[in-house]
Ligand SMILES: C[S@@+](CC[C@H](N)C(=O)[O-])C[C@H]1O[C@@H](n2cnc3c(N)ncnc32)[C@H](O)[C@@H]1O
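The form predicted alone is given below as one chain in structure tokens.
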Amino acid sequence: MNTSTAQTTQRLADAGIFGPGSEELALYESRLTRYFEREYQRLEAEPVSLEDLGISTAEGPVMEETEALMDSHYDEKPEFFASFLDKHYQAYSMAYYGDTPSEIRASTASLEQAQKAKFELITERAGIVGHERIFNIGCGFGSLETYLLEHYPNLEITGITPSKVQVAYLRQRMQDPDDPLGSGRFNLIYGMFNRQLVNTLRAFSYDMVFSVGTMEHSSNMREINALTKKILVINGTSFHHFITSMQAIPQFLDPTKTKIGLYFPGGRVWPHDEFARHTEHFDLAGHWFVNGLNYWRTLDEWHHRFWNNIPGLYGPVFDTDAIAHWNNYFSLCKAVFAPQDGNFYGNSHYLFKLRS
């Protein structure tokens, strides 16, 4: 640890803020993990359904509190995201280290390698051939786009995001002819995926629709599929990757009731089987649960990278309160994925084929 880092971490410690590797944070995270372990065990013993809770995924707006979500999270300062995301894809979603807890723990993959493995897994399950026209709902910093354009020279992709920070980043990359996003095969839309937007798109113009880390922000799964249907060709498919739990977690279905809502206004964690029920327009071709320890490892790596870059963030970018806010974010998120060896809370994949 250099002098600058040591001085910064000491100043933060004096303010009661501790980073990964410290005894203080290890104790805090272990207590959080034990709390969620007990909660998951209770829910397994006494499960509740969305119907029991009076919650429907077939009505209401496609997404809620989008502006608040951008303001409080996705439009955070670019230096924040650059401090912890992988350097190649800038992927702000789970990396993939293996199928089982033992494989995940034993993996020696770097974050960059594990993010690539995630995209390899997604494209395999989605059945990408390489000449598709793809629409990506919630493209983030263009991570899926980067992978697909690098590996499939005949593929075209359109991404949409409501984040002005992400749009500025993507537009800059699109100006570089040596960047995959500057290849002319990437189209960017700044806005929301909703009925108004879909009505401006040419009908039956895409072979596949993707979302990666977006459906947590959706409150109307039926409408998402109805809108997706409108832009797909005959026999088109959709593939979705997002955080889920094996049983409904009532407090995670109301973002006003947990600290997670501080970071993701309008965000929810849906039960694994819920989206699979929405087959009004599609046949379910496959769905998978991805062990949550993959996201625990991803978050832990992000947390360490964030903390290692603290000297460049503290002062020029973030004040003490902001450092504490995001430091707590990583700890809280790690604690929800860690219990039960990642078998209760993780990610799910869904592959739908448009019904003839």
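A quick note: this is a predicted structure, and the numbers were derived from the prediction, not measured. Note that residue numbering follows the sequence shown and begins at 1.
Heads up, the form predicted together with this ligand isn't pictured, but that's what we're talking about next.
In the model of the complex, at least one heavy atom of Met63 sits within 4.5 Å of this ligand. Among heavy atoms of Gly191, some come within 4.5 Å of this ligand in the model of the complex. This ligand in the model of the complex comes within 4.5 Å of a heavy atom belonging to Ile160. In the model of the complex, Gln166 approaches this ligand with a heavy atom inside 4.5 Å. No residue in the set Ala248, Pro250 and Asn347 has a non-hydrogen atom no more than 4.5 Å from this ligand in the model of the complex. For this ligand in the model of the complex, the listed stretch (149-157, 251-259, 211-219, 102-110) containing residues with heavy atoms inside 4.5 Å is 211-219. The contact with this ligand in the model of the complex, taken as any heavy atom within 4.5 Å, belongs to Gln90 out of Asn225, Ser72, Gln90, Thr123. Shown without its partner, the chain has Ile137, Gly138, Cys139, Gly140, Ser143 in segment 126-149 as residues with a non-hydrogen atom within 4.5 angstroms of this ligand in the model of the complex.
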